[in-house]
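Single chain ahead, by itself, as structure tokens, in the form predicted on its own.
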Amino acid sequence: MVTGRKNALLWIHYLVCFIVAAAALFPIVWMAIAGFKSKAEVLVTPFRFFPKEWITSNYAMILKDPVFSRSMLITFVGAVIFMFLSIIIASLSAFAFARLEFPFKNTLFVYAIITMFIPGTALLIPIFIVVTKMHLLNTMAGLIIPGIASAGHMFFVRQFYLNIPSQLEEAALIDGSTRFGTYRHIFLPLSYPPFVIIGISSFLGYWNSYIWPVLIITEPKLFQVTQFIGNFRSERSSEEALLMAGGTLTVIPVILVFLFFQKHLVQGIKLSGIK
């Protein structure tokens, strides 16, 4: 009786997971399949999930567009640079607040944490003014620098560093290691779990960013991929099949990053949970 009840609950659990997964994946799958349809079939009534005839010309055409290809490459390079800089800054600041003692440490920590509660949209205009004054409009630096310092990432890594046994640090200092040497040889090798989490978060945040690139980038050669898709939708709204093909190609790098780091992401969440 008990075994039958457990099996029933297990099947219900699987059913709920399947429904949630299907609901989440349906828009992506439909978008990918719509890229193989003709322009007239995408929004045909009544709705048809699969095309009458599978065509690949939409994907071929969007890949041949030099602006799209360049935007994919530039966005990927920018996301990788943004990811590594975010990890470095979060790690160094977390080590300072977790392991070092300096004047006004607690005050500065509170000041940093407060920024987590300020909506990002409220900071767009002040940051835009600063970027303009620094002549960073239409530059990769203007896209990358304003967002690399994240209080949330710093706080997350700090909590992980606080759980590293102090005996390791003390032993390194006794052996003559400097503070930076301790950070480099002890803390960095142990930081893989939180680095995976904040790295993926930073990569996805940069890749999916739309408002900020639209504000500071006006030159087509620096268009980010979301910016290209937004302009394409406005200028060529009648070519829905081509738009679906472009949208599908833009999500492929994100899916690949998630699939590649999925195991490490789950492990990182387990090992670096905030305590």
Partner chain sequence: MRISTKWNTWLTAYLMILPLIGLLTVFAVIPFLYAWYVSFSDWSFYDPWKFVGLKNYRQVLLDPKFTKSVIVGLKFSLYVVPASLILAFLFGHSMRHLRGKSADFVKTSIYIPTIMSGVIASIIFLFIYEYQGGFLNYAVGLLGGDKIAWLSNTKTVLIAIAVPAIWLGFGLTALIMLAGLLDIPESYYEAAELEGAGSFTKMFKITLPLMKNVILFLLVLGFNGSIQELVLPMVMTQGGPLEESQTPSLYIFNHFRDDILMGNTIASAILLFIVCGSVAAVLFRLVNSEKAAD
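Residue numbers count along the first chain shown, from 1. On a predicted model such as this, the values are computed, not experimentally measured, just so you know. For the two forms, the rigid core is made up of the largest set of C-alpha atoms that agree within 1.5 Å on superposition.
Keep in mind that the form predicted together with the partner chain is missing from the display, and what follows is about it.
Participant: Among 81, 72, 92, 186, which has at least one heavy atom within 4.5 Å of the partner chain in the predicted complex?
Facilitator: By the 4.5 Å criterion, the partner-contacting residue is 92.
Participant: Within 4.5 Å, heavy atoms only, which of 60, 211, 67, 40 is in contact with the partner chain in the predicted complex?
Facilitator: Exactly one listed residue reaches within 4.5 Å, namely 211.
Participant: Would residue 244 sit within 4.5 Å of the partner chain in the predicted complex, counting heavy atoms only?
Facilitator: Heavy-atom contact with the partner chain at 4.5 Å: present for residue 244.
Participant: Does residue 154 reach the partner chain in the predicted complex, with heavy atoms at most 4.5 Å apart?
Facilitator: It does: once the partner chain is placed as it appears in the predicted complex, residue 154 has a heavy atom within 4.5 Å of it.
Participant: Mark residue 54 yes when one of its heavy atoms lies within 4.5 Å of a heavy atom of the partner chain in the predicted complex, and no otherwise.
Facilitator: It does not: once the partner chain is placed as it appears in the predicted complex, residue 54 has no heavy atom within 4.5 Å of it.
Participant: Using a 4.5 Å heavy atom cut-off, state whether residue 33 contacts the partner chain in the predicted complex.
Facilitator: Close contact is absent here: in the predicted complex, residue 33 is far from the partner chain, nothing within 4.5 Å, heavy atoms only.
Participant: At 4.5 Å between heavy atoms, only one of the stretches 164-172, 189-197, 125-133, 73-81 reaches the partner chain in the predicted complex; which one is it?
Facilitator: That would be 125-133.
Participant: In sequence order, which positions of 52-88 have a non-hydrogen atom within 4.5 Å of the partner chain in the predicted complex?
Facilitator: Contacts from 52-88: none.
Participant: Does superposing the core leave residue 252 with a CA shift of 2 Å or more between this form and the one not shown?
Facilitator: Residue 252: C-alpha displaced by less than 2 Å between this form and the one not shown.
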